[in-house]
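Just one chain follows, in the form predicted on its own, and it is written as structure tokens.
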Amino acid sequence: MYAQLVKTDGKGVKPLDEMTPEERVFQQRIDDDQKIEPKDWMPDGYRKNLIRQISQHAHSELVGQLPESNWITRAPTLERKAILLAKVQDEAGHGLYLYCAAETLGISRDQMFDQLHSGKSKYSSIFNYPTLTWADMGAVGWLVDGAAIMNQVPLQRTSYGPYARAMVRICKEESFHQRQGFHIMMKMANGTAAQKRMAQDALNRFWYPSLMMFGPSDKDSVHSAQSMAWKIKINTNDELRQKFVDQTVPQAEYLGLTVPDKDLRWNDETGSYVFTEPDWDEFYAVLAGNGPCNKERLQARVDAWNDGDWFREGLLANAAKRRAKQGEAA
């Protein structure tokens, strides 16, 4: 998912003997893999944690359009323009699905946007990095959407029904996005020497930010335990990061590109790659608003919201007028 820093209320998993009768029944439903629906009773902590996670996920989908929309008019062919335009449109749809899912928990869309614009709610750190060349569109699709898929496929089994169901379609569309990105990288890696250098440069710049997408190391992610117990999260951050590396390194080798990690090596005993951790100081700095494009990305969302104010007012006025006419007819 794109929610990297969701903090659960409390300091850990609540023991069974400290739960209220309602909490014990709720936890048993979770343990039995039953879906929780909007009208079901749920602990306040579960509701708050879901709102944080789903809203951050939704914000990331919308902000994630910005690095790519910059390249729609500059894509090298008409076909590439159409594909990229469709992808950006998909991301807007993903945001809408997720905002709708979050609204079932009792928060309004206006509240979620206010939290985003004020900086209270975060979005994925990956979208605070610039897209400098066309090869970056390949790296974003291959690496960023590849990491998103790794995170999001397990969320189809998350315990909250509306979230799990939204993820089914989102994952199908993200698979298209990942293949589109890999195809761009494959074309460039097998093109001219300059194109291959461009592809390598994009991999160099997006490799570690992509690893950061899974969130902090498990040893520092002290709030994951409760999310795991509630099955809001299905896998730990490090499990998913390792799986991503194991899957992506052979793809880079197939492309003839080099992963920018001099210590990367295969471990026969574990059956996985040993790799260098991201720079976590950079991760936290970007989340705190000090990344290369933080101010630019957030301001673009604020401007879009303000510029669309007249349209929202028109829709609300029209809806009120229709309700008034229906009332007169009754």
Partner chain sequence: MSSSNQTHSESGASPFEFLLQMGDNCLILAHRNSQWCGHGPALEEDIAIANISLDLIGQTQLWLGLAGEVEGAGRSADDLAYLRDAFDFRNLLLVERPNGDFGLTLMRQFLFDAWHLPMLKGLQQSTDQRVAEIAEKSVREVAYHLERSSDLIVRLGDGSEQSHQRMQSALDELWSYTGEMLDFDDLSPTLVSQGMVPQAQGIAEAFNQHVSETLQQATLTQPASEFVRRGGKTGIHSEHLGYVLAEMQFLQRAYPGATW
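Computed from a predicted model, the values in this text were never measured in an experiment. What we label the rigid core is the largest C-alpha set whose atoms superpose within 1.5 Å from one form to the other. Positions refer to the first chain, counted from 1.
If you look for the form predicted in complex with the partner chain, you will not find it shown, but the lines that follow are about it.
Residues S118, W207 and L255 are none of them found to lie within 4.5 Å of the partner chain in the model of the complex, as judged by heavy atom distances.
Interface residue among M212, L155, M188, L203 relative to the partner chain in the model of the complex, by the heavy atom within 4.5 Å criterion: M188. Within 4.5 Å of some heavy atom of the partner chain in the model of the complex lies at least one heavy atom of Q195. In the model of the complex, no heavy atom of I234 sits within 4.5 Å of the partner chain. Contact check for I72: a non-hydrogen atom falls within 4.5 Å of the partner chain in the model of the complex. Contact check for N49: every heavy atom lies farther than 4.5 Å from the partner chain in the model of the complex. Across the options 282-290, 261-269, 295-303, 49-57, residues that bring heavy atoms within 4.5 Å of the partner chain in the model of the complex belong to 295-303.
Residues from 119-150 that approach the partner chain in the model of the complex with a non-hydrogen atom within 4.5 Å are limited to W134.
After superposing the rigid core, the Cα of N318 is displaced by 2 Å or more between the shown form and the other one.
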